[in-house]
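Starting off, we have a lone chain in the form predicted alone, written out as structure tokens.
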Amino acid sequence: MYRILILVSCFALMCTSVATALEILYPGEKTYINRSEALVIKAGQGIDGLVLEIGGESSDLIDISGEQYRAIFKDMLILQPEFDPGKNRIKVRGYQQGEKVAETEVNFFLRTDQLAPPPDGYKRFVMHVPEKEAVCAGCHEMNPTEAAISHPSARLNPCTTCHRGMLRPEWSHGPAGAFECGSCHELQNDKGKFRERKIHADLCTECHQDIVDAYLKEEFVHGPVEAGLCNTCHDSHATPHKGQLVAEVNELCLGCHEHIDDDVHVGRGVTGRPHPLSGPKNPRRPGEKFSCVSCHNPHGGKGRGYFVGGVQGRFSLCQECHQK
């Protein structure tokens, strides 16, 4: 099921008339994206209405002919979608005075599992290339200074006009929450425009070396931590989840350890049921939800099970909650 809203506050106004044909600017054909942020359509000259088909569901005719609308958006339509994980298809039909005059579509992939490779033939979507920036340049500063991309004001920082939706208020990474985009992104490097200066732990350890060192001193280190793949579990901008996790704790853990949910976990109690993965109160941390991290440290530990509190043995872990 898809919810489509006109987005003004989270994605910027895009304009100019470089292209005249109906075009879906974002996402692109046979590209993959990592979050469901926006759908950007350039209607082209003469088109006064659009019909969208997403996931097989068609919208009503969206009228873009109004004088007030045109004064602000020109021939652009900017929406906030909720795409399904995996492959998606968007079809757009353009109308002029009720007659269909243009049609286009894109097939793209929403990659929610950062460890999973995209399907063959799908490339990462890149917006900041000359031909795409030319469409945006009439309303956006596409060549800001280093000082500008770290301006602490959401109104004056040029990055936030399009990317403010990435900076959710629930759990924001310090630099992202302060609009210090230049802390991690460069104006230009060998990877492209506005790309990260470094990736994964090479970048994270510039600020968090002490935390990483502490984890690496553990006798057993969780695979992604040892490999320095911080972004496997953490979003470097912001998320609705504590710890800036890319998903809820159990959803994230079971994404790799799905067999845990299919088998008896820990053992059967007197009731014959396996130990729950969620639901009961967390006796070690009252007020927090019971989850995988109630028993396991996701970074490492002194035992193979990465048990919390420095516990090495399973029975000792049980006694943390079960004193009888």
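Quick caveat, the model's predicted, so the values are computed rather than measured. Residue positions are given as counts along the sequence shown, with the first one as 1. Superpose the two forms; the largest set of C-alphas matching within 1.5 Å is the rigid core.
This protein has a second form, the form predicted together with a small molecule, left out of what is shown; the following refers to that one.
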The small molecule in the model of the complex reached by all of 122, 123 and 189, non-hydrogen atom within 4.5 Å:
no
Report yes if any heavy atom of residue 92 sits within 4.5 Å of a heavy atom of the small molecule in the model of the complex; otherwise report no.
no
Flag residue 61 as yes or no: does it have a non-hydrogen atom within 4.5 angstroms of any non-hydrogen atom of the small molecule in the model of the complex?
no
Taking the small molecule as it sits in the model of the complex, is residue 219 near enough to touch it, meaning that at least one heavy atom pair lies within 4.5 angstroms?
no
Residue 35: touches the small molecule in the model of the complex, heavy atom cutoff 4.5 angstroms:
yes
Sort through 174, 117, 130, 85 and report the residue having a heavy atom within 4.5 Å of the small molecule in the model of the complex.
174
Using a rigid core superposition, assess whether residue 93 undergoes a CA shift of 2 Å or more between this form and the one not shown.
no
Threshold 2 Å Cα movement between this form and the one not shown at residue 193, rigid core reference
no
